[in-house]
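One chain follows as structure tokens, the form predicted on its own.
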């Protein structure tokens, strides 16, 4: 079985990189260059979003998404219009798409941003440039996502906030050997 990943990034270089990494791992990949186009592809476009589109081609507001099932969405955080965080929120608010795992990527290592995304339901937060080792972390989320349709709808906070992870009783003493 081949998993289908929707990759969203406004940078052509980053889009090509993530597409190549995903295809190397035998994923079927669809790439789009904006949050608006991702929502359109997923069938979540409404009038407000369509009006934020700056292209010369207006986006249809018909909620007619592609028949190809999307098993995972990987999106850049920083994009014009709808950023990755807003895209994540819209997906998690959707009754039909909320169980699709979402991974956020960013070139900026900002702990509060990372925590916000994880608390909102992102499965992972990758720092750019994305590496093959990052892509290898996707498989468990895809496998878990396949069984979510039949599970009750409740939110599980998968990660502790960063401050909790750095409690003093959990820090190892470093020894300097001479």
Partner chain sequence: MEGNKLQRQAACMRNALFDQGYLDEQFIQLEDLQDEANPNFVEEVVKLFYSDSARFIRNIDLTLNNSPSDFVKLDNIMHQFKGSSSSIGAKKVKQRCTQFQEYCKIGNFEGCMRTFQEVKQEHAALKKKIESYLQVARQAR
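Positions refer to the first chain, counted from 1. As the structure is a prediction and not an experimental result, all values here were calculated from the model.
A second form of this protein, the form predicted in complex with its partner chain, is not displayed here; the remarks below concern that form.
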item	value
Partner proximity in the predicted complex: residue 78 to its partner chain, non-hydrogen atom cutoff 4.5 Å	yes
Residue 137: touches its partner chain in the predicted complex, heavy atom cutoff 4.5 angstroms	no
Proximity of residue 109 to its partner chain in the predicted complex, heavy atoms at 4.5 Å	no
4.5 Å heavy atom contact, residue 26 to its partner chain in the predicted complex	no
Within 6-31, the residues that have a heavy atom no more than 4.5 Å from its partner chain in the predicted complex	10, 11, 12, 13, 14, 16, 17, 20, 21, 24
